[in-house]
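What follows is one chain in structure tokens, specifically the form predicted on its own.
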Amino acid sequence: MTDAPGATPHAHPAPRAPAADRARDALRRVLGARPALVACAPGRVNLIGEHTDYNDGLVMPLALAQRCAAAAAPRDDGLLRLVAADLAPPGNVFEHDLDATPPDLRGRWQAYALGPAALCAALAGRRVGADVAIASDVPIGAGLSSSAAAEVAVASAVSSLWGVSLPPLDLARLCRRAEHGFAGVPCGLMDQMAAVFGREGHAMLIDCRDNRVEHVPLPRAGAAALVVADSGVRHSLAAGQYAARRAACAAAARALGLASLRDADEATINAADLPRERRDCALHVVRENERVRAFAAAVRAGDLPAAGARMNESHESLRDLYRVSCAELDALVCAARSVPGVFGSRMTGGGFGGCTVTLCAPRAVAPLLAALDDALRAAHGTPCRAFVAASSRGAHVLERL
């Protein structure tokens, strides 16, 4: 959910080569290494279920076609050399001895590559090293999990390079530990799981208590479209607001005598003497879990108006109870809902900026894009970068060279 190397919002550059090509090229050109393999992992858009993952709740993301690629070559001297293909020198190269104490990289892109690589190296059982280049098409800081895509791509590359066996759930957990320990962001497991377990044509209904994943078929392309719109407002989840909301939830659960808010209900919350912030956060989590269940059932039944209504309710709760929306996100959601053929719209991701996601009929896509652009120009003075989301498979080794 936080920043990793990727596209610059609103820049509208000339079309770039695919991320895998950029990563391979940077490995050769900058580090002088011949790639042994290229791994990739997708970003994600969360359709519903926000700020529930770290409360043992329910979420429903899908893996995006936009992805991060990591090209890797082995070393035998214990060094990890990293290059971010999409950044200009000198900020795009980093070197670290994997036997040494890692530096404090919080707030820097290197944390999302060094973290998973260092944890994989610790599992290798021998002295290992690598040259790794990363490139990403997942927009930075937009709430589309650019960080998790980078972590999972790097972990997939170096674990394969070093012969470290990581079952899918272990891969996701390792990358979450990396984000906690190296980036300093106390995230839940949703983003990493979405990057690992994605399946084309499906969303993922994830139970964050036991990490069960159910793949839910999405409506066919002729029946519905999902449009992701970038507000252009950037956030830093490590800056404190995300951690503050998580702490409020934990405090509410303790006050209720519960291990997590997954076990709470509205009656218990309303009867307790909770400070307003903790009460509101707890109510959001309980209601959001119910919305996820209802949304999944509506999608399975093909009831798109019902699914859209749950998205609308989710946004209003995030705005009014959890208080993680912002004026630009609210403007985009309001504009989307005014377009005929739109079923529902909400902010997605950690909040305080980032993206919205809108469920609509295919005929509504063109007028929706125009309305979103008009709204963001009025609210933020910039054009709206938006796209129709396509689902994709999760992390995998794209090629061995």
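Residue numbers run from 1 along the displayed sequence. All values derive from a computational prediction rather than experimental measurement.
There is also a form predicted in complex with ligand GLA; it is not shown, and the following applies to it.
Picking from 35-43, 342-350, 22-30, 61-69 the stretch near ligand GLA in the predicted bound form, with a 4.5 Å limit on heavy atoms, gives 342-350.
In the predicted bound form, ligand GLA stays beyond 4.5 Å of every heavy atom belonging to A73. Ligand GLA in the predicted bound form comes within 4.5 Å of no heavy atom belonging to G57.
In the predicted bound form, at least one heavy atom of C187 sits within 4.5 Å of ligand GLA.
Interface membership of D191, defined by any non-hydrogen atom within 4.5 Å of ligand GLA in the predicted bound form, is confirmed.
Contact annotation for the candidate site: G49, D53 and Y242 all lie close to ligand GLA in the predicted bound form (heavy atom within 4.5 Å).
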